[in-house]
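In the structure tokens that follow, a single protein chain appears in two forms: structure 1, then structure 2.
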Structure 1
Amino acid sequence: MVHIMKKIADWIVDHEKDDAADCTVPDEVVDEWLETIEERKKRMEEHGRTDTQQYEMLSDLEKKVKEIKEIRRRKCHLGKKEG
């Protein structure tokens, strides 16, 4: 089941990445997406579930969403350098 979810998530991220390059995705959507992933990861860490496939999937998604943010920063001239 996790593998199917990961494939769906990968597809969504790839699709959103295309939209992000066109600057059509609002910043709030990307920020909210990243916040949700980070909150879920934190809960899993608190319960010692960092060696699960779900945690690995969330970590991969977090990496991809951060990549989308970087694409937006460069292509859309959105956001200033984060300190």
Structure 2
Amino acid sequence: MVHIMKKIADWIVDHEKDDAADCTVPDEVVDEWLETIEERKKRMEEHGRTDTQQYEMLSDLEKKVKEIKEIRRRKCHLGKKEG
């Protein structure tokens, strides 16, 4: 079940990458998204639930959101510095 949910989560985040990578979206939005995922992971670590599929799903999501941040850094902020 969690495996299927992980697939759906991957699909949704991939599908929404364009939205998040849009430079008109404030940095605060993506930072807060990443912060929420990190907070949840931290809480699961405190409760010793790091070997669960849910933790794995969150870790993958965290990677994807970091990728989005990196895309934004190259696409939006580099352009700003040059301009």
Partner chain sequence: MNGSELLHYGVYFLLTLALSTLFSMGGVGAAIVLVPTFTMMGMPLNLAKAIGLFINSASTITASVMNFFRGVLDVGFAMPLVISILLATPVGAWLSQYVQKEVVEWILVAFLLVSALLLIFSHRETKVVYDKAWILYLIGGSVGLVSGMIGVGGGSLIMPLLILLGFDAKKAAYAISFVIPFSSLGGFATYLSFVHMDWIMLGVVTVAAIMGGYIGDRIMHYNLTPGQVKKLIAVLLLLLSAKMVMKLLHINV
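For the two forms, the rigid core is made up of the largest set of C-alpha atoms that agree within 1.5 Å on superposition. Quantities reported herein were computed from a predicted structural model and do not represent experimental measurements. FYI, numbering is relative to structure 1, first residue = 1.
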Fill in the blank from the handout: For the form predicted in complex with the partner chain, pick structure 2
Problem - residue 12 C-alpha shift between structure 1 and structure 2 of 2 Å or more, rigid core reference - result: yes
Handout entry: Large Cα shift (2 Å or above) at residue 21 between structure 1 and structure 2, core-fitted
Key = yes
